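Below, in structure tokens: the form predicted alone, a single chain.
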């Protein structure tokens, strides 16, 4: 089985000359289909930069990124190609759900599909299917103000899955949630990874979320310092789902 995404000796430098900052240095990392990888480390260690490069938001300064079997991203890759690949292969979840207040749950999710070129009727049906899969069948026509924090984050998750991404990247997706909602969201992410075959990479400051990951990767000063298996994975999340 091939990795969904591979980073090979990847570095990222911002700025030039004396003002240059090396945010990431010599990182090599594979993320497999159905695998949930937790990224941990102190603030400023390079976690978000790692997510930015894996998500093809911008190219690396050096090294290369493989997306699937053939696509290779290097410093020379143009922004237009990065945008096209993001739309086709990658979903994002953030700390805040960032839903449009004037759209219902279904409309928020369907809009992501329409932007990707899916016909409106098809996008709406897929949005409803995804929301039902995430136990939101009773909330299809609710507006964000009518949803709890955990429900809003599940709508955000459905939106990120609208284009059937092979890679899902999450930056502190549970930081604003209480313990119960945190466990709910992490259990859903874990189940979706296993059932849908999605590779997931989750940046977190909360070690309790790691029980839902297949392994944890620690980063410090822009370098990977460990990549230990944590020996938990599916059992922990299944018990809490």
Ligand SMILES: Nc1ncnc2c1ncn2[C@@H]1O[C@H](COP(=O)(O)OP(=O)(O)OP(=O)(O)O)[C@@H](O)[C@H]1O
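As the structure is a computational prediction, the values presented were derived from the model and not from experiment. Positions refer to the first chain, counted from 1.
Although not depicted, the form predicted in complex with this ligand is the subject of the following passage.
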### Query
Pick from 46, 60, 173, 55: which has a non-hydrogen atom within 4.5 Å of this ligand in the predicted bound form?
46
### Message
I need to confirm a contact call. Of 42, 68, 180, 26, which residue comes within 4.5 Å of this ligand in the predicted bound form, counting heavy atoms only?
### Response
42
### Query
In terms of non-hydrogen atoms within 4.5 angstroms, which of the given stretches 207-215, 28-36, 186-194, 47-55 touches this ligand in the predicted bound form?
47-55
### Message
I'd like to know whether residue 225 contacts this ligand in the predicted bound form, with contact meaning heavy atoms within 4.5 angstroms.
### Response
no
### Query
What are the residues of 14-40, in order along the chain, with a heavy atom within 4.5 Å of this ligand in the predicted bound form?
14, 21, 23
